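Next up is one chain by itself, shown in structure tokens, the form predicted on its own.
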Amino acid sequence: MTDSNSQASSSAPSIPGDALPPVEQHAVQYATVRNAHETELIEDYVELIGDLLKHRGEARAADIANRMAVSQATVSKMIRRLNELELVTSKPYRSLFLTEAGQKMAETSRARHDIVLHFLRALGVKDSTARIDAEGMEHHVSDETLAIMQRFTEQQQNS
């Protein structure tokens, strides 16, 4: 870092407590992120299967592979995992179907995604960027933050 960069960063306003939170809070932050990482891929697959069923009438492994830009072998492995978790049912050479638990997860994930996407658009983020950002953010925001995002978006639409 150069001296000018050092001076610029040291002159930036500091919010007390932002640099290093208390140990317990820090541990909770990291645990929350780890938990989100563990479920985000599952949620993405289940959300996409739900969207395909809703908009196309079927969810085939080939369609999932194309839309997620992964191989069919990768999709097959995930389908086995989703079957084990009892989120989908599948039969060879047939469409995938969501179980009741899978449907609930898909609806929750879709709702979270939509809130984040509409919030980013309300901030003025262009659609293509908002779609990419929402795809990752939806898994990492709290219910409290989602509620505030939704309220902000609604206020923007009504003004």
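Residue positions are given as counts along the sequence shown, with the first one as 1. Bear in mind that the values here come from a model prediction, so they are computed numbers and not experimental data.
The protein also exists as the form predicted in complex with the DNA; that form is not presented, and the subsequent description refers to it.
- When the DNA is considered in the predicted bound form, residue 87 lies well away from it, no heavy atom lying within 4.5 Å.
- Using a 4.5 Å cutoff between non-hydrogen atoms, residue 70 counts as a contact of the DNA in the predicted bound form.
- None of the heavy atoms of residue 117 is located within 4.5 Å of the DNA in the predicted bound form.
- Not displayed here, the DNA is approached by residue 41 to within 4.5 Å at the level of heavy atoms in the predicted bound form.
- Scanning 121, 131, 60, 110 against the DNA in the predicted bound form with a 4.5 Å heavy atom cut-off leaves one residue, 60.
- Among the residues 34, 126, 26, 55, the one placing a heavy atom within 4.5 Å of the DNA in the predicted bound form is 34.
- The putative spot formed by 136, 139 and 149 is not touched by the DNA in the predicted bound form; no residue has a non-hydrogen atom within 4.5 angstroms of it.
- Using a 4.5 Å cut-off on any heavy atom, the residues of 67-82 that reach the DNA in the predicted bound form are, in sequence order, 69, 70, 71, 72, 73, 74, 76, 77, 78, 80, 81.
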